[in-house]
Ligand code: SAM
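A single chain comes next, written as structure tokens; it is the form predicted alone.
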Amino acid sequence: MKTDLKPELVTMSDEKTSLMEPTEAWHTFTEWSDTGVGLTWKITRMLESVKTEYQQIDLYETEGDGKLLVHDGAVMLTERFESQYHDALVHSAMLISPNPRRVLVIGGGDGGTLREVLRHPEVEVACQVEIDDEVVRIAKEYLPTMAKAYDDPRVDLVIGDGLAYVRDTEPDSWDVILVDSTDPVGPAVPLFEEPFYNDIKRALTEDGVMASQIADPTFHNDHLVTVIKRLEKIFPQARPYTAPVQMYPSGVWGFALVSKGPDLDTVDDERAMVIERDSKHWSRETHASSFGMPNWLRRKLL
């Protein structure tokens, strides 16, 4: 549904996490954390509002951050800051992998993760498994700087269940797996649980590396700690890391990085120099600093 924003559009699908409200001549969208802290955008236009089999998808034009993509009331990305998230998810894992020829992306239908994967010339096959084809359609229509990745001949786009895809894949199939899922609510919950991580371990090659988004380390640190402890039981190496991501309420996001073989402290310096040169955010310096944890969180991780 394409429409200009109407005054009657004053609430989103999940009133606990989001709110549309008129403010003088403006409409605003606020994503609320469950601690009562929110991040608000001025909205100039609604571009899409679609209820799919899996979720409510809304796309807005904002005054300052470009387009704003929202799933079930939760912000997925803004055009202005999406590269902060996608750089953080992709490049550390890709550069720790000694030879990332075959890469699997779970979720990430907007194409941003795929775009960053394809910047690595070693990639021969990049398979994207996205459960909701409407996310891909909206990205292709409105978010071309991300969705351009789908035009690359190395890409194999699969519309389907990422959980089942990983479970059914052959062992030792993928050099890098990137999990760009929605938050751990509803159908996405199994993507943060042990059976899925065991399937990922089996699907990775002996030098395989996985990176996954986890949670806001400020407001949902208990979830982050739980996930890291699960991964530590399954993989030889598992570490949390964070990155500044200014499109989420606390301005910081938490990720997990795991390895079946390569040292998580070492990136390929020659390849890293090439990626760093053209990255908007990722650098060897940001990579090194991303593993630093505040004392209160480090103690919870012990």
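These figures come from a predicted structure and were not determined experimentally. All residue numbers are counted from 1 along the displayed sequence.
The same protein also has a form predicted in complex with the ligand, omitted here; what follows describes it.
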{"item": "Interface segment, criterion being heavy atoms within 4.5 Å of the ligand in the predicted complex, picked from 240-248, 256-264, 273-281, 32-40", "value": "240-248"}
{"item": "Residue contact check: P98 to the ligand in the predicted complex, 4.5 Å heavy atom", "value": "no"}
{"item": "4.5 Å heavy atom contact, E79 and the ligand in the predicted complex", "value": "no"}
{"item": "Non-hydrogen atom contact S173 with the ligand in the predicted complex at 4.5 angstroms", "value": "no"}
{"item": "is_contact(H71, the ligand) in the predicted complex, heavy atom dist at most 4.5 Å", "value": "yes"}
{"item": "Interface residue in the predicted complex among E122, D199, D161, D207, criterion: non-hydrogen atom within 4.5 angstroms of the ligand", "value": "D161"}
{"item": "Heavy atom within 4.5 Å of the ligand in the predicted complex - residue from A203, V227, A188, C127", "value": "A188"}
{"item": "Partner contacts in the predicted complex for 121-150 (non-hydrogen atom within 4.5 angstroms of the ligand)", "value": "V129, E130, I131, D132, V135"}
